[in-house]
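Each of two forms of one protein chain follows alone as structure tokens, named structure 1 and structure 2.
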Structure 1
Amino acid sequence: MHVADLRGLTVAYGNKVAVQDFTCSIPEGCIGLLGPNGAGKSTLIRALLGFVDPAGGGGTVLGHNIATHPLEIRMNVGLMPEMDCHIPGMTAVEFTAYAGELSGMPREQAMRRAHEVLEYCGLGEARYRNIETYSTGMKQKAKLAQAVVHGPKLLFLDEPTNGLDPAGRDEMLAMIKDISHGKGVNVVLSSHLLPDIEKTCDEVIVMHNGKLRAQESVKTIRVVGTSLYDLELKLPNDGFSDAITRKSAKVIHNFSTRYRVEFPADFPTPTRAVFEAAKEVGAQVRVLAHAQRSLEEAFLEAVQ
């Protein structure tokens, strides 16, 4: 099933086209929306929530048309925006409960849920403090709390780790993974940080200059191909490169005991050739696997 379907969506600000002819289906699960700053990620989220009118095309979110039923979408969706969204003078519990009421919750239920989600986000002891006194990390947690207080079916997170130190970033990503994989909430995580996507998401949508560049599972997008292999020897061996080359392989790169080798596409027994080459020079193979590119390599390939 899909949480959103877009067909030819185009969004423009005057003469500036921010999202261009965007067509994709966003599946259930934790989906990464990946692209450099200025790629159109935030504009796409605003369009999905009905905050901006499309210049062309359209789509649905949770079965609701983004042009004609934006309120129904927003009642069932949580948003953690990139910019600060707190209201000065409000405590965290007041602010979070207010967000719940804006989503249609009765006041008592919203207040009860506010206490629960702030505890979950690690702000239980600070919930009665005004949010403007919070650190950056605490403000990010408060933004997450207000986004989930009403129990949304779909959660949009726009650069959720902005401004966080390494420990705070790991904590935020752990909560996102728990929400999406442990609590069954569909999540769209917008980020320009490749490690954030790799740690949390099942599938990635790559944007560049307002256009869709790629959409694949994180596992699939990292696969290079069957002819490339990564291997590691137990100890350095000066003769291994020559030995594997004699077996019709090409050494792409070698660092100490680690090798990436390429066999011809129609080569029948690459695994056997690796072990035969190692035996000839007295080397021991510790690791042998199909090569995988990093998400960074896949991203650069998609946008170029």
Structure 2
Amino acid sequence: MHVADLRGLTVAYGNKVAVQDFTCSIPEGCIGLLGPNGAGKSTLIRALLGFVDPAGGGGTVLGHNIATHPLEIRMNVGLMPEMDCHIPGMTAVEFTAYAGELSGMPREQAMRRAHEVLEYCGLGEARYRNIETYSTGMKQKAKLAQAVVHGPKLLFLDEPTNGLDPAGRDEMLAMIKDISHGKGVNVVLSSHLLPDIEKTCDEVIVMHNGKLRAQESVKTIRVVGTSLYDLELKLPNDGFSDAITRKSAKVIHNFSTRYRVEFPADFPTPTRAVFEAAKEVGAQVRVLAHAQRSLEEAFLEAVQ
């Protein structure tokens, strides 16, 4: 079952085509939406929320046609916008409950559910305070709360970790991962921070110039040749490159303590070779694993 199906969707503003002949099925789970600025990601999300009249093609979200049933779509999806946003003059509880009511929940249910999601988002006692007094991290949490209060089947998150410090970011990513796995919520996550996507998403959709450039699972994207290894030493060591080369490996690149090396195909004992080389030059191996392409590398390859 797909949460959204787009068939040849084309969206244009005046003469400018923002999304062109876009065909794609968004599967269940947590999906990363990637693309450089101006690639058409925002337009795509707008279209999926039923805000635009397609110039060509069309599609469905949760079974509702994007051109004819925007309200039904928006009743069952949630959006966490990128910019700071809240409804003025309200505490987080009032705000979240109001968001639920606007989505069609009865008032009592909205109030009960508001408390539940704010507690989940970690706002605790702060939920009785006016949102205007919140820090960036808390505002981000309140934004997430208002997006899930009505139990959406599909959730759009636009740069959800923007402005968060490392602890806040980890917290937010953990919530996104939790919500999007096994809880009946599917997530489309748009972010410029590719490690965020790596940590949370199962699959990515890459857009470029309004077109679909790639749709792949995060696991397969990361696979590179099996004879490539990434390794890391404890401290920088000048002799290691030579030592590992003598063990018939090739250094692909090296920054500080990190190396990527390639062994000949079917080389029987790469682990032994690396540890031996390290021992010869008095280095200590801290990491050794099959090389994985970072999402960043994959992304830059896809759009350039």
Partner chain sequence: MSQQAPIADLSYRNYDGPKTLKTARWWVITLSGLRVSFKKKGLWIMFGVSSLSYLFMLFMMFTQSFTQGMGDDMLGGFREQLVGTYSNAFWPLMIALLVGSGSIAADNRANALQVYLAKPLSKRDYLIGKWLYIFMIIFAVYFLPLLVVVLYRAFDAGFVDFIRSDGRVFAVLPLLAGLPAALHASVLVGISAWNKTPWIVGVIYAGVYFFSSIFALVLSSAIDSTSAVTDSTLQHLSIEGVISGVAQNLLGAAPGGIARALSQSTVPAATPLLLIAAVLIIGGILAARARIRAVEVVQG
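All residue numbers here refer to structure 1's sequence, counted from 1. Bear in mind the structure is a predicted one, so any value in this text is a computation, not a measurement. Under this definition, the rigid core comprises the largest set of C-alpha atoms superposing within 1.5 Å between the forms.
It is structure 1 that shows the chain in the form predicted alone. In this overlay on the rigid core, A249 has a C-alpha that sits 2 Å or more away from its partner position between structure 1 and structure 2. E232 shows a C-alpha shift of 2 Å or greater between structure 1 and structure 2 [criterion: core-superposed Cα displacement of 2 Å]. Relative to the superposed core, V261 shifts its CA atom by 2 Å or more between structure 1 and structure 2.
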